[in-house]
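First comes one chain, alone, set out as structure tokens in the form predicted alone.
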């Protein structure tokens, strides 16, 4: 942390150097997505060290033991390829752990060698290593391309490719939630149920990474989308992809290959994005929005109206994943807050353009950087401070060094608890976000106000 005090205020262009990246690698996203399939064991096709890092990162965020297997590459596999290792692993996993599916993601090593997952799966099937009724799926996830968001997207696309359309519609709607918390996935299902729409949500980590402690160990918790549901997603009436970066590829594949029309929306963080989600959901399903949903929306509007004076004009620095940042920036702007610094580690010029569009014609200048890092974020803050930080745990050093309140939101959160249980999507999630933002701002006001302005009632 002390090193951050040496962060210079002078900003220089850096093309070949990233300092304190605002992202992690593809396999972590693929592993998280795979955990959203019921009875699925994620498998890392690479060295043991890679798998251990990915498991430990997810474990530290969710405070749950993450089960995953590895091809355990040694020198031989690194030179001659990992086919033998993976076929042996598939046989061992189905024999010992009896999952419904194995979701394989590659690593830098296996991608550099050039291992072909589909060819290996085909050989495993022909040699009897995959029991009848069991499934293998896989996604290419080299860490030297993209970010954890890319890996998540690739594995979700692999899920969509399990679709087996029959030509007869099942009157369901596919919803691809993007990288959100298990509680957020549960909230999306609850909202769809309130509207009266039968959905297939994939992936679905609700009930997997926020499962209860019952005293009875289960290798595979009750939650997750089933393989049967994934096979049926090609017969859906439509697909709602929540987020361009995490969800759109899978939805467009279903549209092209299975003729399931897709709509790509922003993640439903905040009032406007949730309104759009509910509106498209009811349109696709041909239903009307019930009063119970309007009631929850009204509560959020009421809190925004009552507390607007404390949000107005507050400067915010925010970092994280593109899909989440887009919706959150729109929400902040709607509160008359000012997201002046926005950074994602994920590449994409379209992200920068979208953020600038959201902040256009507002009384502040936004600085936005895709494929940026936390070092740049800190430099911006040193030059012109902000009132609030929003992002993952890696911002706590800046928060302490610059004495700025931090709202922990996004991935990973390594030093606090609750994010897997309390949603921030939808209207109820919007209330929670407002409450957390308000608490930080008012705590700081109480701390810093002189006695003449220190009030019992605010």
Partner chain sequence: MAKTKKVVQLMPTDIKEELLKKYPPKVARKRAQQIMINEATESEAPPEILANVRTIPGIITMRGCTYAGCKGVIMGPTRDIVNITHGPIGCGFYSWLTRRNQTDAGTDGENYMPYCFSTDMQDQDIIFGGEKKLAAAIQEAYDLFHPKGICIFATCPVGLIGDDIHAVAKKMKAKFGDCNVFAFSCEGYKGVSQSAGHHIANNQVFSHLVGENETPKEGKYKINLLGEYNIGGDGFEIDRILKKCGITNISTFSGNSTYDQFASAQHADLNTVMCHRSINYVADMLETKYGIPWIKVNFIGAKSTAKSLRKIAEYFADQELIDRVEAVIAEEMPDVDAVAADVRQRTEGKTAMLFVGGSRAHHYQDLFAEMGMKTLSAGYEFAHRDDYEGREVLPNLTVDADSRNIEEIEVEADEKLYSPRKTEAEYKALEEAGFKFKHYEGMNDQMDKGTLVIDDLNQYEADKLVELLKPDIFCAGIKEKFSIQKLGIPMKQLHSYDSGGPYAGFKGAINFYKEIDRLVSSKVWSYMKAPWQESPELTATFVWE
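Residue numbers count along the first chain shown, from 1. Because the structure is a prediction, the values reported are computed rather than measured.
Beyond what is shown, the protein has a form predicted in complex with the partner chain; the following relates to that form.
Each of 17, 60 and 69 is positioned with at least one heavy atom within 4.5 Å of the partner chain in the predicted complex. With the partner removed from view, the residue among 299, 166, 78, 119 that has a non-hydrogen atom within 4.5 Å of the partner chain in the predicted complex turns out to be 78. Exactly one listed residue, out of 109, 285, 124, 293, brings a non-hydrogen atom to within 4.5 Å of the partner chain in the predicted complex: 109. With a 4.5 Å cutoff on heavy atoms, residue 74 counts as touching the partner chain in the predicted complex.
Although the partner is absent here, residue 279 sits far enough away that none of its heavy atoms falls within 4.5 Å of the partner chain in the predicted complex. Remark: residue 25 counts among the residues lining the partner chain in the predicted complex, judged by a heavy atom distance of 4.5 Å or less. Using a 4.5 angstroms limit between non-hydrogen atoms, residue 383 is distant from the partner chain in the predicted complex. Segments offered: 307-315, 253-261, 322-330, 143-151. Contacting the partner chain in the predicted complex at heavy atom distances within 4.5 Å is 143-151. Interface residues of 40-69, taken as those with a heavy atom within 4.5 Å of the partner chain in the predicted complex (partner not displayed): 41, 43, 47, 48, 49, 52, 53, 54, 55, 56, 57, 59, 60, 63, 64, 65, 67, 68, 69, in sequence order.
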